[in-house]
Structures are given as structure tokens and as C-alpha cells.
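Below sits a lone chain in C-alpha cells, taken as the form predicted alone.
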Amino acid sequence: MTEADRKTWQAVQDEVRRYISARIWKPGELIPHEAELALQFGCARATVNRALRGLAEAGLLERRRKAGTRVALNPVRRAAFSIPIIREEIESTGQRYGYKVFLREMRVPPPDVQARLQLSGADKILHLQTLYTADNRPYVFETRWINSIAVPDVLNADFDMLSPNEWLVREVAFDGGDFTVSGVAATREEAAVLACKPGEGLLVLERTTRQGDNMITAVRLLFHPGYRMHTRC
């Protein structure tokens, strides 16, 4: 590692991966403390912390407060996920893309969203509801909360020119998050938006993303009947 490389958490992470792969640090073994690693790699302790946190999230390390950090005995294989741009997804099928923002407001989110975005009960953030269309037919209905405290530039974003989905992918780098997939029966209101029958089965994807310690967005995507999700890992 060069002196410049030692300043980045990515370079520290690569070096730790090498130690694990080469069995310099064996499965189940405690690794050196962050202060020791910072001295060894010639970087700040916060840089080491960021690197180790990412490896713990990837399942290669096990971190416990007051007990130190160990190489995982049975590493968990986790698939990385990317955030698709809905426009590209629609256009890849040869259909004409469109979208309309139905609602844009600043408000205090409901308790479940507050918990997901780690906000206090008094924080107002940006709330959006957007319908994306394919050949003028409803494709996906998006309900999105953006942590405008962490991403203040979003308050000046012109969503007439760029959808909330694409703006975030372009403007805000994310390094983690989670998502869940489920099925629901369309309510009367959802059926009206997606041009389907009340009670018809719909696929729902709920996702949160973060950048470092800041939660960025919580989004609920409600897809048209018959939608099929395809992913790789």
C-alpha cells in the first residue's frame, strides 16, 4: 500500500480482506484492536472503523462491543444489491417511459418510517408520491421519504426534469441498506392508481438506503399486476 492508499477506508478494507483470505487471521480468531490497525495502516482510527464495519456487514467479521472483532467462523454470503433506475428498466423493454409526481410536501413521517430513518418525532422531511408509467400504463407507484436533513440539496431538486428515483441514484452515493419483498391485495385507492381491481395481488418492495451513518431514504414501490422481479447475485 502507498502512503496515499493508506488514507482510504477502501484500501484498509482490501488489506483486511487479504489477511482473511490468506489465513493470516484465521476463522474465529480475534483481530488487532482498531488503534493497532490504524497505526499499522498509517491512517485514522475512524478509517479503520469504517473499513471493518463494511466487512462485518458483508459477513466476514463479527463485531461485539467490549468483546472485540473476530474473523467470522462461518462467513455469511451476502448478495450486494444495486438500485435500479426505473426509466432504464422500462425503456429496456422497448416501452415509452413517463412519470408524474402526485405529491410533494414536508411533513413528519409516521413512526415506522421514523424508526427506519432513525429520526426524532419532530423532524420534518421530504415526502413524495410518484407514478411511473410504461406506454402510458401504470407501472409502479412510489411512496418515498427522503431524509432532507442528511441530503439538504434535495429540497432544490427539480423533479419536473428528473424523477426522485433517478435524482437520488445520480446525486447521492449510498453504501448500504436493506429491502423486503412482499405481496399485498390492492386497496381501492391503490387499484385506482394502478388501474387494476381492488383485491388484486400486487408485489411490494420496501427499501432503505444509507450513506455512512446517515439514513438517506425509505421507499415503498407498489408494482402493477403481473410484474416479475429479476435480480442477480
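Note that the coordinates shown come from a computational prediction; the quantities given were computed from them, not determined experimentally. Heads up: residue numbers just count along the shown sequence, starting at 1. We call the rigid core whatever largest set of C-alpha positions still superposes within 1.5 Å between the two forms.
Beyond the structure shown, there is the form predicted together with the DNA, which is absent from this document and is the topic of what follows.
Only one of A46, V184, V181, A195 lies close to the DNA in the predicted bound form, with a heavy atom inside 4.5 Å, and it is A46. This chain is displayed without the DNA, yet in the predicted bound form the stretch 49 to 57 from 185 to 193, 49 to 57, 172 to 180, 198 to 206 comes within 4.5 Å of it by heavy atoms. Taking the partner from elsewhere, F223 is found to have every heavy atom lying beyond 4.5 Å of the DNA in the predicted bound form. Residue contact with the DNA in the predicted bound form: R63 places a heavy atom within 4.5 Å of it. Taking the partner from elsewhere, W25 is found to have every heavy atom lying beyond 4.5 Å of the DNA in the predicted bound form. Using a 4.5 Å cutoff between non-hydrogen atoms, E34 counts as a contact of the DNA in the predicted bound form. For the stretch 198 to 215, the set of residues having any non-hydrogen atom within 4.5 angstroms of the DNA in the predicted bound form is empty.
With the core superposed, D175 shows a C-alpha displacement below 2 Å between this form and the one not shown.
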